[in-house]
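Single chain ahead, by itself, as structure tokens, in the form predicted on its own.
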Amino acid sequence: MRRWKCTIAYDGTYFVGYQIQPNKRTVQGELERVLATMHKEAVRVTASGRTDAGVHAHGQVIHFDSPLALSPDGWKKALNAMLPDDVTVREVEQVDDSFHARYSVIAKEYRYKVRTAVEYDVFSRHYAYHFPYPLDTEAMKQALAFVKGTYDFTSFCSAKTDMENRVRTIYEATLCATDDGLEFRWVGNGFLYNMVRILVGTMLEVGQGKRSPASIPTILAGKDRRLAGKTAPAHGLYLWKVVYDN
């Protein structure tokens, strides 16, 4: 048996999420369907983490074990030939058995795209959050500085989360201009359920003047989801990169 690490990308628009669910279309389901066809038996796929319905991935990472004697390029060609056109394998490499797509992660990068142009664009409706309102980007950048570091992010995760330890470290939290709007970039050692989307929703409220940058430490200290802003829509979010200790 050999262990294979795959970096994959997918358009989350028509999936109910990454994680397999009975009688529903999922990314994991498509991957395991293809592998089962190749192996004539079930093959379990493990990912760096799940993504919700509508969330996209530029650099999701999975691993699986297989006795088949294919080269990395052979795996890539075979998988892409059988996967649907909204999932693609970008890179394949053989790894040591100690590698684990989830437990070997040391950092993840997420990006969130906001389209600020006044005119609605039908072609970007699944790939960026249309938010055509005036925003104070300097205020948002000031607010972002307050979330860098190690904190309990209870206020910035869904109340539905079952994770007891909600302390996470954010290494980078930046905002940059794009051709048609803004892009948030978040790098951390881990993220809670809906954490990035709630952070984005809160930052947009700062940009609108509904709350001040200086309110962020108070929100963090309160450890109460009701203190933070709205949850931004899923379709603007991308799992951009997963980092491992080489």
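Note that this is a predicted model, so its numbers are computed, not measured. Start at 1 with the first residue shown and count on from there.
Keep in mind that the form predicted in complex with a further copy of the same chain is not shown, yet the notes after this line are about it.
**Student:** Check for me: heavy atom within 4.5 Å of a further copy of the same chain in the predicted bound form, for each of Lys148, Asp152 and Val196, yes or no.
**Tutor:** Looking in the predicted bound form, the three residues Lys148, Asp152 and Val196 all stay beyond 4.5 Å of a further copy of the same chain (heavy atoms).
**Student:** a further copy of the same chain isn't shown here, but in the predicted bound form which of Glu164, Asp96, Asp73, Asp85 has a heavy atom within 4.5 Å of it?
**Tutor:** Of the candidates Glu164, Asp96, Asp73, Asp85, Asp85 is the one lying within 4.5 Å of a further copy of the same chain in the predicted bound form.
**Student:** Ok, Val206, Leu182, Ala47, Ala57: which has a heavy atom sitting within 4.5 Å of a further copy of the same chain in the predicted bound form?
**Tutor:** Partner contact (heavy atom, 4.5 Å) among the options: Ala57.
**Student:** Looking in the predicted bound form, any heavy atom of Phe131 within 4.5 Å of a further copy of the same chain?
**Tutor:** Looking in the predicted bound form, residue contacts with a further copy of the same chain do not include Phe131, since no heavy atom lies within 4.5 Å.
**Student:** Does at least one non-hydrogen atom of Phe123 fall within 4.5 angstroms of a further copy of the same chain in the predicted bound form?
**Tutor:** Although a further copy of the same chain is absent here, Phe123 would touch it in the predicted bound form, with heavy atoms inside 4.5 Å.
**Student:** Using 4.5 Å between non-hydrogen atoms, is Ala9 touching a further copy of the same chain in the predicted bound form?
**Tutor:** Contact with a further copy of the same chain, yes.
**Student:** Should Arg90 be classed as touching a further copy of the same chain in the predicted bound form when contacts are defined as heavy atoms within 4.5 Å?
**Tutor:** Yes, Arg90 lies within 4.5 Å of a further copy of the same chain in the predicted bound form.
**Student:** Among 99-107, 166-174, 114-122, 133-141, mark the stretch whose residues have heavy atoms within 4.5 Å of a further copy of the same chain in the predicted bound form.
**Tutor:** Of the options given, it is 114-122.
**Student:** Taking only heavy atoms into account, state which residues of 224-246 are within 4.5 Å of a further copy of the same chain in the predicted bound form, ordered by sequence.
**Tutor:** Just Tyr238.
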